[in-house]
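The chain below stands alone and is given as structure tokens, in the form predicted alone.
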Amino acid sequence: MKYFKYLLFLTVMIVISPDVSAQDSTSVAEQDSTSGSLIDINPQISRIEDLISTSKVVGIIFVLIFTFLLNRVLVFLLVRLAENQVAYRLLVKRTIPFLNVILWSFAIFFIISGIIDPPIETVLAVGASVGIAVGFAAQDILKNIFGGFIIILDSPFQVGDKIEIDDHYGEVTEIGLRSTRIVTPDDSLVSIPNADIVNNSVSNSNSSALYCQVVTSIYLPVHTDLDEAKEIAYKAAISSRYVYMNKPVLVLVENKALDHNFVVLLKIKAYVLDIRYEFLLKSEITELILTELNKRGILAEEEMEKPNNIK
């Protein structure tokens, strides 16, 4: 419509001034050329003003704030629901990363197609320019973002799992687009870039299950009656309030050498009913075993200490 107005204006000017001298024609030509440049420039300026108008900027800010608040509220509600429904805690928490991706993807799509509504040529041109600029300026960020998508889609672990990567072990609390956060046994929050996770080996203790295996180690002198020690260890494991009885309890014996002397290592493998009780189960099994050994007089007090250089 704007181009039609300019064309109509030029047509009227030509019709009402048919008898023009050569000099005037030259002037008119110059004016026409000037008008032509204005015709080329003005629509572009007008298009830019339409794309970045005040109302659209306000609309974009409103959508971003609304999406942020909605995301926070939904995450809060899901976390509360997960904590109140222990049996479904992991299942509920696994939906949070997908919820984040879906909400922000919809918000960006709505901003581009519903508010800005740019021509396809503009989208392609801006997309290419931004892609080149971001590709050179933010390679590490892009690696982490793609790593986040890979983690969400491939699911080597999910929120609530106990994982070990590098020297960090703990429960996954959040899978973001840039980093993954885990809480270590000493309640430290560790943020690991997603690119590092994708490029390294990850150990998953429970693989999306609520329970996981816990290994408790007990060091005994080599002259200990192994049958009696294994019986005590087994009964201690099944007596714990944190043990998951639907899984088997195993007691294994290993021989260790220390300063040219042999010691016996008992490994009690039991499953905890909730991964959050992992260290409570290990502590209770150890306490029950040592208490019973002391009660029966099987070990001397000085033999109860674990050698420092045994691993």
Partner chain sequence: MEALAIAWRFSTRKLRVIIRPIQKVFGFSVIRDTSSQKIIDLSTYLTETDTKISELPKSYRDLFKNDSDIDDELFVNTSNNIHNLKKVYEAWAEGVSTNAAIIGERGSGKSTLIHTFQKTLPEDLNILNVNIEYSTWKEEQALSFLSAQFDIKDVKRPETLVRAINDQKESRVVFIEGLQNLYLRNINGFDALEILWLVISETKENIFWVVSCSRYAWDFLSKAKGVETHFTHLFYTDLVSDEQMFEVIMSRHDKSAYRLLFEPDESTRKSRAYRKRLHKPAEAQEYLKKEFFNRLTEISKGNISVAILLWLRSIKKVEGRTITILPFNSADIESLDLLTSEVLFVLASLLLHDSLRVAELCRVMNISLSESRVLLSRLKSRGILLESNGLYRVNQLVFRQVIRMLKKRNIVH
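Positions refer to the first chain, counted from 1. What you see is a predicted model; the values in this text were computed from it and never measured.
Beyond what is shown, the protein has a form predicted together with the partner chain; the following relates to that form.
Engineer: Applying a 4.5 Å heavy atom distance criterion, does residue 239 contact the partner chain in the predicted bound form?
Structural biologist: Flag for residue 239 set to yes.
Engineer: So in the predicted bound form, does residue 153 come within 4.5 Å of the partner chain, heavy atom to heavy atom?
Structural biologist: Contact check for residue 153: no, nothing within 4.5 Å of the partner chain in the predicted bound form.
Engineer: Quick one: does residue 298 come within 4.5 Å of the partner chain in the predicted bound form, counting heavy atoms only?
Structural biologist: The answer is no: residue 298 has no heavy atom within 4.5 Å of the partner chain.
Engineer: Taking the partner chain as it sits in the predicted bound form, is residue 80 near enough to touch it, meaning that at least one heavy atom pair lies within 4.5 angstroms?
Structural biologist: Close contact exists here: in the predicted bound form, residue 80 approaches the partner chain to within 4.5 Å, heavy atoms only.
Engineer: Please pick, from 222, 87, 215, 102, the one residue with any non-hydrogen atom lying within 4.5 angstroms of the partner chain in the predicted bound form.
Structural biologist: The option sitting close enough to the partner is 87.
Engineer: Quick check on this chain: which one of 245, 57, 258, 69 has a heavy atom within 4.5 Å of the partner chain in the predicted bound form?
Structural biologist: Exactly one residue meets the criterion: 245.
Engineer: Please pick out the stretch from 188-196, 228-236, 174-182, 143-151 that is in contact with the partner chain in the predicted bound form, where contact means heavy atoms within 4.5 Å.
Structural biologist: Contact-bearing stretch, as computed: 228-236.
Engineer: Quick check: do 76, 273 and 292 each get a heavy atom within 4.5 Å of the partner chain in the predicted bound form?
Structural biologist: Contact check passed for all of 76, 273 and 292.
Engineer: Can you name the residues of 274-290 that have a non-hydrogen atom within 4.5 angstroms of the partner chain in the predicted bound form?
Structural biologist: 277, 284, 288 sit within 4.5 Å of the partner.
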